[in-house]
Every structure is written in C-alpha cells, then in structure tokens.
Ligand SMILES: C[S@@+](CC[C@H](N)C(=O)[O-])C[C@H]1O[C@@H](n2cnc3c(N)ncnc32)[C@H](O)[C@@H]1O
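First, one chain by itself: the form predicted alone, in structure tokens.
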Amino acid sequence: MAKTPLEFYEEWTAEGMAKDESLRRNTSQEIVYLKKYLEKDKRILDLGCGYGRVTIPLAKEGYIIDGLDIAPSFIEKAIRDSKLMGLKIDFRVGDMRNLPYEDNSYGNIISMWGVFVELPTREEQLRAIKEMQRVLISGGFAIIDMPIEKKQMAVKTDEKGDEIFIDPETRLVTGKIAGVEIAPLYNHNVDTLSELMKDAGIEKFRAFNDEMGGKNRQFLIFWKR
C-alpha cells in the first residue's frame, strides 16, 4: 500500500527536515524568488507550510502570513519556533482540499516544494484549486511550485539512495529519496497544468518552467477574478 504524505513527513520528522542542508540552502533562494511576486500589504497563506520553513522567514521580513500543514508534529514545531522569535503567525493543522478559512480571506497563496503534487489524482487537485479560489480575494493569486516533469521511466542513484519510477498511465512518481520511501507524486507538465485550469474554470493563469536558486522548477500561478 502506498505511503501517504502524512506518513512520509512524520517518518522524516520536522527536526530531521530542518537539519537537511540542501533544504536550508533552498529556503533562502525560494524566498528571494517569492518576493518578486508577494506584496506586504496582502495577507498570505502558506499551504503545506511544514515546520514554517518559508513561513517564518517571510514573517521576519514583514510579510503578513499564516501557515497550514497536514502534519501535526510539523505545526507544533512551527508554533514553538515562531513564538520563540516573537512572531504572530496563525499556524493550523489542515488539508488543502478542505481549507478552514472563510471566503475572500487571502490576497496571496503560496505552496512550495511540490506539496500540491502530493495530491495523487486530478479530482483531488481540482478540489484544492477550488478551495484556493474560494479563500482568495478578488484579484488575488496563488503560486504553486513543483518539480519539472520527469521523463525517464526509472532513475536509480545508489549513492544517494534514490529510486524513482514513473507510471505513464496514472502519471504518478513513486520510489525513494535518500533511502526514504516517498508518497506518490503527480507528474505534471505545462499541458496537464493548463488542462487542470480549464477543468477548474480558471481563465487567468500561467504554467511555466523557471529557474529558482539554480534549479529548474515548474510553476503554476492563477488569479481569482
């Protein structure tokens, strides 16, 4: 039986993830990238915020931001760390397919590090997109970051403990990263993201690949009318 995202993150642990040097390097680069889009006078929601990896640094720079994640232990660490820094951030445990926020609550939504593609079906992704649209204000937008499309059917990197496999029918990526079994990830490309937006009834969007901190990443940005 496939591992769920919650099982994957709880196995990795918030403390273990926080000590990951590559993630720590990526965080500062992600923030530089995000600041090109985000506005300090708009309230921001960080979906899949984890232990506050991006949320807390943005709050320290003066952005008004809240965070939501499915893993309780990660949210516990985020609350503990933010309080120690004197930051007022509303961190909550929750699911992006059923957001615990009122309509028209946020000017911007961010979802980093491929959290969105941990939703394994298009139906679940559509639910999440519609929930984001619901809580965005008119003219607000969401920025979703994810890996670029993987083309190879199987990739093995023994020294890192990576084993990646792609199912062409379901578009799911499975395997191990650094020896840890991952939850299935949906293998999007620009065309499949555009189809998703069409199904969601969203007319104003951008699906594109871009460089973020020296890495090629895939982005989806969409606006609420």
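So that there is no doubt, residue numbering starts at 1 and follows the sequence shown. Everything numeric in this text was worked out from a predicted model, so none of it was measured.
Quick note: we don't show the form predicted together with the ligand, though the next part is all about it.
Asker: Just one of 101-109, 78-86, 130-138, 114-122 has heavy atoms within 4.5 Å of the ligand in the predicted complex; which?
Answerer: Result for this chain: 114-122.
Asker: Taking heavy atoms only, is G50 within 4.5 angstroms of the ligand in the predicted complex?
Answerer: Yes, contact at 4.5 Å.
Asker: Does M96 reach the ligand in the predicted complex if we count a contact as any heavy atom within 4.5 Å?
Answerer: Close contact exists here: in the predicted complex, M96 approaches the ligand to within 4.5 Å, heavy atoms only.
Asker: Taking 4.5 angstroms as the cut-off for heavy atoms, does M146 touch the ligand in the predicted complex?
Answerer: No, no contact at 4.5 Å.
Asker: Tell me, yes or no, whether I70 is in contact with the ligand in the predicted complex, where a contact means a heavy atom of each within 4.5 Å.
Answerer: Yes, I70 is a contact residue.
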